[in-house]
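Given as C-alpha cells, the chain that follows is alone and in the form predicted alone.
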Amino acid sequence: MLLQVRDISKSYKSRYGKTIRNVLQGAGISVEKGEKIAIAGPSGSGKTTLLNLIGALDFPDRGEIIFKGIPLSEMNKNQLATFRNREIGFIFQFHHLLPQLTLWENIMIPALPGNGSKKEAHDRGRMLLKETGLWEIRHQKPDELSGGECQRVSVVRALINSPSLILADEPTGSLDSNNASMLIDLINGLNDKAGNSMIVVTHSREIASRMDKIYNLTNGKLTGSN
C-alpha cells in the first residue's frame, strides 16, 4: 500500500480558536502503487484541503496519513520537506511558473535541493520535455507560451524528481476542452510509463472516468468507488 488516509478530520477556526466550519469529518482512502484515483465533489467540499493534507502542506486535526508505512505525523520538518520534494509531485489549476525564468529553469527548480546526480536530473528533464513536445521551446519564458504549454511545463516540473504520487488539483480547470483532454492524456501516459500513483481533484466527470476509481467527497467523507 502506497498511501493510507485514516479517519481524517479538519476544521477551519477563527483567530480566537472558534470552529467556523468542519471541512473533513472522518475521511479515508487508500491508494495502491500505480493506481489513479479521482475525487469529485461540489466547490467548498474540502477536495483541495484533502490534497493539501496528503501532501503535508497542512495537517489534520485528527486522524492519520500513512505513506509507505510511515505516518506523516512521525516525520520531523526536514523529513517532511524531503517527502514533499521527492515523493510528491504537485500539479495545480494554474501553473505557477516563475515568469523571470525560462521553461528549462522552471522545471529544474524542484531538482535543486535533491541529493541525486545533476546529470540524471538534466537527462530526465530533457526526456520529459521531448515527450511533451516542449524541448524546442525550453529557453522561452512563460509569457511567451500558451496556457496549454504552460500547463504541460507544470506537469514536467511535477515529474522531474520521479515522485511516487502525483497530486493534481483541477489541473485542467484553466484550459479549454480540447487542451484539457490532451493534458489528461499526457498525464495518464507519463504516469503509466513511470508507474506513478495519482490523485486528481476534478469537476469533470469525463476526466474522472479516465481514472481507476472515483470517490465523491460529501459531508466531509469520501464515498463510492468503481
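For every residue, the number given is its place in the sequence shown, counted from 1. This one's a predicted model, so the numbers in the text were calculated from it and none came from an experiment.
Beyond what is shown, the protein has a form predicted together with a small molecule; the following relates to that form.
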Notebook entry, point to check: Is the gap between residue 42 and the small molecule in the predicted complex 4.5 Å or less for some heavy atom pair?
Noted result: yes
Notebook entry, point to check: Can residue 172 be called a contact residue for the small molecule in the predicted complex at 4.5 Å between heavy atoms?
Noted result: no
Margin query: Quick check on residue 21: any heavy atom within 4.5 Å of the small molecule in the predicted complex?
Written below: yes
Note to self: Taking any heavy atom pair closer than or equal to 4.5 Å as contact, tell me whether residue 157 reaches the small molecule in the predicted complex.
What the structure shows: no
Checklist line | Option touching the small molecule, based on a heavy atom within 4.5 Å in the predicted complex, out of 48, 164, 181, 191 | finding: 48
Checklist line | Segment assignment from 25-33, 181-189, 66-74, 48-56: heavy atom within 4.5 Å of the small molecule in the predicted complex | finding: 48-56
